[in-house]
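Given as structure tokens, the chain that follows is alone and in the form predicted on its own.
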């Protein structure tokens, strides 16, 4: 009887040792994963609180209504306490208008091109063609933004200025149109890659059902595939808009630093991110409204991009169609 149960006892002891060793390794890994998650969360909270506290200090000196609804942006800083004209104007509407104008031009440029590229790659292109074109498109996402800025300042902006002069249209050498067009080229991979993934994930059963009813490929795409993929496409557009709103280098080099309140795409404008860089550049008095204005602008930018991302997630969650 003893010899019969001995192997079972040895096996049980071996299993217990393996389980103990596994628990010994899993506990530190589990704690490491928790710490990594907490680090990411605490970093986000720290960023928000730093923006919030410094913004509150700014709004103690400049009224919130003047900042959000003022029409003149001319921040000044005092080198001496009695310096004349050191208060400045902190109306951020021209910055918001310039950011919106350039981002709109970028989305109008990137949206159709990126979507059409995604439709071609997912519905028309063969495997070899797709394997070549898709990586080439995604290379655009890896190009440094300063390179796009050089391209905009040295090629696109002079070309637009010369074309405008030829047609009798006054286009500034630094214009929202130049910055928006190049920024649109930059975010094409965001739209095309995300839209391609969404369109590809539409079940083939829908396409086959459409073909069986006599629809052509183009009719199936426009009436079946795209409506099914619409939530994901909208989400891709919103994420691309967030990327465009946060861009700095292209605007600095192609659109200028002038805070002009205009809807003319041929004029020079500036954006929120460009002004943040300008306000924090050089030796500034950290308690001055000019420096603290950068944190207020950063807080507004954070809230806007957060709302865009939340809207994208809600669109996908609310309108996503689930297929068996």
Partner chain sequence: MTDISRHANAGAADAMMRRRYRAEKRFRWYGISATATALLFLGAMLVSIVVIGHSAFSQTFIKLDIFFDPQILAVEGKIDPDSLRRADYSALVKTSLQETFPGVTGRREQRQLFALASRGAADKLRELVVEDPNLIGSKASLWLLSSDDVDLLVKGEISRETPEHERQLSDLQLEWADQLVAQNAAELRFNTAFFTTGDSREPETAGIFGAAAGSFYTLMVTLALSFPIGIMAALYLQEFAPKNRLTDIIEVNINNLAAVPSSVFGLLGLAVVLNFFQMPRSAPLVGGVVLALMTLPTIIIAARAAILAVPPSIREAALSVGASPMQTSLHHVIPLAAPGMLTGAIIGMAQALGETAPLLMIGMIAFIADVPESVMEPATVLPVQIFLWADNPERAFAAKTAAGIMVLLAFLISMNLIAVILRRQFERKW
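Residue numbers count along the first chain shown, from 1. Please read all numbers here as calculations on a predicted model, not as lab measurements.
One more form of this protein exists, namely the form predicted together with its partner chain; it is left out here, but the text below deals with it.
In the predicted complex, residue 69 stays away from its partner chain, with no heavy atom inside 4.5 Å. Residue contact with its partner chain in the predicted complex: residue 108 places no heavy atom within 4.5 Å of it. Using a 4.5 angstroms threshold between heavy atoms, residue 295 counts as touching its partner chain in the predicted complex.
Contact check for residue 243: a non-hydrogen atom falls within 4.5 Å of its partner chain in the predicted complex. Judged against its partner chain in the predicted complex with a 4.5 angstroms heavy atom cut-off, the residues 133, 273 and 276 are in contact without exception. In terms of contact with its partner chain in the predicted complex, the residue from 157, 92, 198, 253 that brings a heavy atom within 4.5 Å is 253.
Interface residue among 64, 261, 56, 33 relative to its partner chain in the predicted complex, by the heavy atom within 4.5 Å criterion: 33.
Heavy atoms within 4.5 Å of its partner chain in the predicted complex are found in one stretch of 138 to 146, 164 to 172, 230 to 238, 92 to 100, which is 138 to 146.
Along 32 to 53, a non-hydrogen atom within 4.5 Å of its partner chain in the predicted complex is carried by 32, 33, 34, 36, 37, 38, 39, 40, 41, 43, 44, 46, 47, 50, 51, in order along the sequence.
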